[in-house]
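The chain below stands alone, shown as structure tokens; this is the form predicted on its own.
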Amino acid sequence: MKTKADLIIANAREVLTCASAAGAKKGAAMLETGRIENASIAIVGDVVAGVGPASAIETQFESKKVVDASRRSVVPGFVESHTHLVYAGNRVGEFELRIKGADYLEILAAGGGILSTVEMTREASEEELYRQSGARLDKLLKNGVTTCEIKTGYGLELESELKMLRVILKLGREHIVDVLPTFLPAHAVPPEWKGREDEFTDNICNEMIPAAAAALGSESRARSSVREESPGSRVSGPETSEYAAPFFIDVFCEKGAFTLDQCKRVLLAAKECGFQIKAHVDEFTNLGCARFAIENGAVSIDHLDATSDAEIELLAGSETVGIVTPTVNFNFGSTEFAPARKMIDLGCAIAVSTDYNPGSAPCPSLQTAMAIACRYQKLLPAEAVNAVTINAAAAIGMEPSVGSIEAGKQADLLILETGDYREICYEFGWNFVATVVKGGKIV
């Protein structure tokens, strides 16, 4: 007797499972996509029940709902591992200044950049911030993102940072995309603390981090309570995505932002409160935070444009995922990019992200990031696909439940307008996603 499935994706020209028994893929393993020709996928509830050759799935499963994916590719739902999409307003004027020749640090020193977004975000109501940010998350979904990390960092004082955190958590409860929150109070030094950077760091450690941990803990307990009352129901995210574990702290270690010593203090204080750590490192200058973050078990280190060979070797020997953000370099008009090719060849686990934000990367398309990474960082299309699926999932601690198409994993997948997945890196400038399946539902 055949097993009844709720949905079958049938007769795809190819399915890329991106499966990995070892979590994030490293080095040569990033070329392995788990490609199956003429394949089908059976979904029961919100999980994958079977994936394999179409003839085998047809023998094992039956369903009243069948989607014919003939002549198309099916890949895991994309995982966006580094975003700042909760903010108010935009920085179109700053875009024009950069065209005229101003660089990022010059704009920041003049009170622009992050600080202009801080001002607009502080002034925005929670409802307006939720509305604007939800529209951006919709764009990511349309471009194939089914799981998304979102950072705070445009409040830079307790109440505004908690306001951002509440918006992120509300998006996680109410939006179809699974949302993972990252607390980023050490993003920039606000004007009212200028000249007192160490005191601001103390404020982050002693006030902001404990308050954020309490808010995230309350959210986790509320979600656990809902699950206990409604066993078997899905509450905005897989069982493994409760906000008690993982939730993250992040820092921006850079000239004009936070020193290595200040970042160490923030990260260690956050670890004591139960946060897992991430770090913006080496975007413009190498201050040594990559080594510290890796040695302290960082889930990811991000940007990596100025990371040294010694730190790359350290990354390769660790479980930390390196996240590169090629859309930032592209947006700045730069031809210098993080050495992702070298990193992969030396055995690092690399993920690709848009770094979606209002200043350095106003880009909601991971497909665009993949296309840039292939051209300028010399990733092959197979490596780029793994970098936005299984490796991106590992970069936010979600690889046990998302990032690949495997039996028992959440049924998040994309049906593409192509029968050759390499086209999503080869032809750029439009969206290849024809259908998004999220948690077993066509959305």
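If you're wondering where the values come from, they're calculated on a predicted model, not measured in any experiment. Note that residue numbering begins at 1 and tracks the sequence as displayed.
Not on display, but discussed next: the form predicted in complex with a small molecule.
Contact annotation: of the candidates Asn357, Thr307, Thr147, Thr121, the single residue with a non-hydrogen atom within 4.5 angstroms of the small molecule in the predicted complex is Asn357. Every residue of the trio His82, Arg91 and His187 has some heavy atom no more than 4.5 Å from the small molecule in the predicted complex. Comparing 135-143, 166-174, 276-284, 259-267 against the small molecule in the predicted complex, the single stretch with non-hydrogen atoms within 4.5 angstroms of it is 276-284. In the predicted complex, no heavy atom of Arg72 sits within 4.5 Å of the small molecule. A residue is said to contact a partner when one of its heavy atoms sits within 4.5 Å of a partner heavy atom; Leu129 fails this definition for the small molecule in the predicted complex, lying far away. Heavy atoms of Tyr154 reach within 4.5 Å of the small molecule in the predicted complex, making it an interface residue. Within 4.5 Å of any heavy atom of the small molecule in the predicted complex lies no heavy atom of Val86.
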